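Consider the single chain below, provided in structure tokens and representing the form predicted on its own.
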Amino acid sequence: MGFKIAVAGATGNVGREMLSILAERGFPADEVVALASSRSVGKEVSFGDKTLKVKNLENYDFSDTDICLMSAGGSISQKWSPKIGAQGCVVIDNSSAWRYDSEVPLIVPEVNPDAIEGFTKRNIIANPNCSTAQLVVALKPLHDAATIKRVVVSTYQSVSGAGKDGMDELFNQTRAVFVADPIETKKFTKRIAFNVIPHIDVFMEDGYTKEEWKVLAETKKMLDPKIKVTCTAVRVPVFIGHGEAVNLEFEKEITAEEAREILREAPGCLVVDKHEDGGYVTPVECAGEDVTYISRIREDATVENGLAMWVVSDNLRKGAALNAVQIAELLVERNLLKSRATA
């Protein structure tokens, strides 16, 4: 007997991607339910070769549901995830609502799978921020080999990280540039078409943005609290795929070639690093792919035991939907979840 899965926020970019990935990977689900707010009830979404009609999250009974993949936003998750968990359904939440709760495991399966054992305290598991997810996939094998002391990362984040409204704004502004129409700014603080914006999420008292703080806090929680992390998060006019320029300082000596070999063997990583024109991966090539690509691996002579590299991944997949499904798979693989229908 398979599992019953609910996807909350099924009409959004990430929710639709979750449904697609569940079907692609053949997750052992006997039933999949699409949920959203009352205004989306009755809409249709695709699940493999099937079409699901959206049901209302607010009056859905989770008592016979095994897993809820939650991608409905932080405020919705704050309200509903504890209620869903109390009904015995495990929530895998994509928002930032539970990431920093000490009783909620924050999981990237390639990085800290053993932390999943703690989900029973609240029946909630947190998915990391999209930019953190791809970063720690690349950092984990290098940290195991040479112990990372310090990370300096600059992110180049696509507009899909801001949802459908962000993608629409880039499209509309780009079209306006070419036809000489007025450029309207709604979702972003400045024009995004043919521009970059060094501002994602709200500003904090120390001058960092919340997005930058998320990278710091989540890397420490999942990888090692001793690692020093600083980040500059930048929105770029790309539809899908986040890029990251990463500078690392290690406790032990590690060469660029050693790093390449380590990353080639690491789960979830794919090294494409040729010292020639086009011998690296850009967001265009990573869209629709599951792996985290690492390119431009080189030694940094300005710091002892330093490396620099370029990391790219599809933020809607590994940064959100894929990682959530992988967490669900981990629950099943480790026999931490029994089908309630079977029970």
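The shown structure was predicted, so the numbers you read here are calculated from the model rather than taken from an experiment. Residue numbers run from 1 along the displayed sequence.
The same protein also exists as the form predicted together with a small molecule; that form is not shown, yet it is the one meant from here on.
The single contact residue among 163, 82, 88, 267, judged by any heavy atom lying within 4.5 Å of the small molecule in the model of the complex, is 163. With the partner omitted here, the residue from 46, 295, 282, 37 that has a non-hydrogen atom within 4.5 angstroms of the small molecule in the model of the complex is 37. Remark: none of the three candidate residues (155, 231 and 246) comes within 4.5 Å of the small molecule in the model of the complex, counting heavy atoms only. Of the heavy atoms in residue 126, none are within 4.5 Å of the small molecule in the model of the complex. Residue contact with the small molecule in the model of the complex: residue 76 places a heavy atom within 4.5 Å of it. For residue 286, no non-hydrogen atom is located within 4.5 Å of the small molecule in the model of the complex, even though that partner is not displayed. Residue 130 belongs to the set of residues with a heavy atom inside 4.5 Å of the small molecule in the model of the complex. The stretch among 303-311, 23-31, 286-294, 38-46 whose residues place heavy atoms within 4.5 Å of the small molecule in the model of the complex is 38-46.
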